[in-house]
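Just one chain is shown here, as structure tokens, and it is the form predicted on its own.
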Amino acid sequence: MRDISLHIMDLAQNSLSAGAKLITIDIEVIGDRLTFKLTDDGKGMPKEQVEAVVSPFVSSRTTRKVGLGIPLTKQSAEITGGSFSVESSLGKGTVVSAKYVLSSIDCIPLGDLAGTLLSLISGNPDSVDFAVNIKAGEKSFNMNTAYIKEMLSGISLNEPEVVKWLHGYLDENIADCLGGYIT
């Protein structure tokens, strides 16, 4: 994958497949490190599957026998000198964390995080909520679609005017928060 936001998209799709109703995406930049953590309340995985899930030859999909998303995310973080972890409890959900060393020549760009989040939110307007928490230095941005849905009083998050507003809201706040840290 070309950028970190696509890894986040892939992991969020795994969460959706696992029946998650709340997906929390935390991104933090501290010094030369960018960490993202994706937490879901999906069906979770047994210990044996958690241990095997980093292999490209393990997949829970029935349409094919390989799954590259998690192994590629692990590789992209570790190649920078960073780290990767998966924790899961059956029936409770999963937490996937990746830490990147930003100054590494092997560090991929963050990519279009606003576009990724907009796709996830507008593509799943009613079935799941997304909580996004971004922190870099003294700046932070927090958003929860449950709150936005409440404010919209029944208007779907995939209505064209709402999507347009969400796009601007995400672009502006992510650029403000991460602009000085991530290019």
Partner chain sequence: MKSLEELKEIRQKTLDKINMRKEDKEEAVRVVVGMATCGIAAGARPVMIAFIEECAKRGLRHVQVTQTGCIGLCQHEPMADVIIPGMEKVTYIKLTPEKARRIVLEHIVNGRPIAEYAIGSQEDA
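Numbering follows the first chain given and starts at 1. In this text the structure is predicted, and so the values were computed from the model without any measurement.
Another form, the form predicted together with its partner chain, is not on view; read the next lines as being about it.
*Asks:* Can you pick out, from Glu78, Asp112, Glu87, Asp106, the residue that has a heavy atom within 4.5 Å of its partner chain in the predicted complex?
*Replies:* Answer to the contact question: Asp112.
*Asks:* Closest heavy atom of Asp126 to its partner chain in the predicted complex, within 4.5 Å or not?
*Replies:* Residue-level check for Asp126: yes, a contact with its partner chain.
*Asks:* Given that its partner chain is not shown alongside this chain, does Gly44 nevertheless sit within 4.5 Å of it in the predicted complex, heavy atom to heavy atom?
*Replies:* Judged by the heavy-atom cut-off of 4.5 Å, Gly44 is well away from its partner chain in the predicted complex.
*Asks:* With the cut-off set at 4.5 Å between non-hydrogen atoms, does Asn158 touch its partner chain in the predicted complex?
*Replies:* Judged by the heavy-atom cut-off of 4.5 Å, Asn158 is in contact with its partner chain in the predicted complex.
*Asks:* Might Met151 be said to contact its partner chain in the predicted complex, defining contact as any heavy atom within 4.5 Å?
*Replies:* Within the cut-off, so yes.
*Asks:* Pull the contact list for 2-32: residues with a heavy atom within 4.5 Å of its partner chain in the predicted complex, in sequence order.
*Replies:* Stretch hits, in order: Arg2, Asp3, Ser5, Leu6, Met9, Asp10, Gln13, Leu16.
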